[in-house]
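In structure tokens, one chain follows: the form predicted alone.
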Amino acid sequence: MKKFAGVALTMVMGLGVLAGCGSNGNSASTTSEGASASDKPEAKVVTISVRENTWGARKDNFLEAEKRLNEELAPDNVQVKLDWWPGIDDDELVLQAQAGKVADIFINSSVDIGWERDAGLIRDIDWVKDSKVFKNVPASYTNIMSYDGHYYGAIQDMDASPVFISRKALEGLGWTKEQIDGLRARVDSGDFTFHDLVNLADEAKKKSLVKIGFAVEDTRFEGWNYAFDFNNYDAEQNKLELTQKAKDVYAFWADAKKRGVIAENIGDVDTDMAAPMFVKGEIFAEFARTEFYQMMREANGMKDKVDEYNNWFNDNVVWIPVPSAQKGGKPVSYSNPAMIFVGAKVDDEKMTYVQRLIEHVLDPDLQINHTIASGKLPVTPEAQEDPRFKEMSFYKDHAYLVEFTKTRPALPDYATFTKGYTMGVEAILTKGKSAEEAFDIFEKEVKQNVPADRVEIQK
């Protein structure tokens, strides 16, 4: 998933009063004092600077939100104007903040809350707690948007992490249509495990039904960690968590590498490369996110042929949540959702307009506009009631995954923590290290580079 550049805001207010004041609204008449009836105070202009992000329908939604907000503000003689700033990367965001140029609104990843706050880029937006927009969202969304006792982001879009499996490969293994169509229910009930999936991929590859067993977005894939009950993060204490469970994940990597289910270059097969490979039937299981559904549509040459693509999808693909490694366990899902952040220089007076603008960006129909353009899921149940969403069977059917989807914690040290974990994976893939040796590399990296008060290391 691509990183999202930020967005900023600066406010310019103008308030002017023309000579005279009208009384009856007739532009041709004057009052008894001789002043034109059409004379009235100029509208107060509130300029909000937004860092441009054109992915999906993001910019279009801001433009429509601006229009809708101004219709509401017209009786108050107030007009909001958006001032578009260029989208930039995180390093530039920090440099500009140090120079005093902080944007009012921008979009970035949920994991960025911690460092953005510490760098003085964003301010709290505790209005999220009572906003009607978020009153019906899952509790997990509330956790995503808050950090260290305050809300700092408004979730903008969402995805989950289904596993896309080649239906043709399963058929080649002798599976019936009823068995394939019933697979998801078996995962949900805990009857079908992660190990069962590994065994199927191994068998499909040995029978030359596919070229690759597993493909995944990157070797940090937290969804696999959660499947083995290695959760990385203690939410109650707001600390990273390194437990012996990590060895179970490394044991899977070592076994899958030895059996050929996972190739040494697995980290090089990103989703852009994997989409056409999966379409050609070369991959047994693709661990991706919601948007992979749309990426396959484009790889199929069916970007504007939705019905034709859905027929192809139903004939060639079956999807499931990431299965638990334990029999009877619950499936897992992982996401890296986008957040709308508010710049640190926005004062409480201006926040009134910023809040209302953001809430309109999240109007249900605008969320679905973004879903159609981006392949992401909407974030509120109200948006899922949109008729267009209900017509998109894949999105509608897998929306339940967001109820248990986990996300990366916002702790600034998480990137360092994950780097240590990835070093262990790479040691298995490229150096033939064991699960125990990989764990030792991970633990050493964490002890050396993550502050002791930010992590629990359990023996």
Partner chain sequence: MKTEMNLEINLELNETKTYKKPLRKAIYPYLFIAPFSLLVLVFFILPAIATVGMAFTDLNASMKPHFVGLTNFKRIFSDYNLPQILGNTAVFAVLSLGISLLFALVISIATQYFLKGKMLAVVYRILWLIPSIIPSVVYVTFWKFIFDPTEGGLINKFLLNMGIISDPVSWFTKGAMAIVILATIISTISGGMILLSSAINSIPEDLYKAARVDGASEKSVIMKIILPTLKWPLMYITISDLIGFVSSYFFIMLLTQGGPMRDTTTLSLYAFQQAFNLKYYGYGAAVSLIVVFISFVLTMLLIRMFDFNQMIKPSRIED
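Quick caveat: nothing in here was measured; it's all calculated off a predicted structure. Residue numbers count along the first chain shown, from 1.
One more form of this protein, predicted in complex with its partner chain, exists but is not displayed; see below.
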Stretch from 409-417, 389-397, 42-50, 66-74 whose residues place a heavy atom within 4.5 Å of its partner chain in the predicted complex | 409-417
Please run the contact check for Ile441 against its partner chain in the predicted complex: heavy atoms, 4.5 angstroms, yes or no?
-> yes
Examine Ala427 and determine whether its closest non-hydrogen atom to its partner chain in the predicted complex is within 4.5 angstroms.
-> yes
Using the partner position in the predicted complex, report whether Ser189 sits within 4.5 Å of its partner chain, counting heavy atoms only.
-> no
Gln237: heavy atom within 4.5 Å of its partner chain in the predicted complex?
-> no
Have a look at Ile320, Val269, Ala160, Val317 for me and say which one sits with a heavy atom within 4.5 Å of its partner chain in the predicted complex.
-> Val269
Assert contact residue (its partner chain, in the predicted complex, non-hydrogen atom within 4.5 Å, options Gln244, Ser208, Asn265, Thr176) equals Asn265
Looking in the predicted complex, the residues of 65-94 with a heavy atom no more than 4.5 Å from its partner chain, listed in order, are Asp90, Asp91, Val94
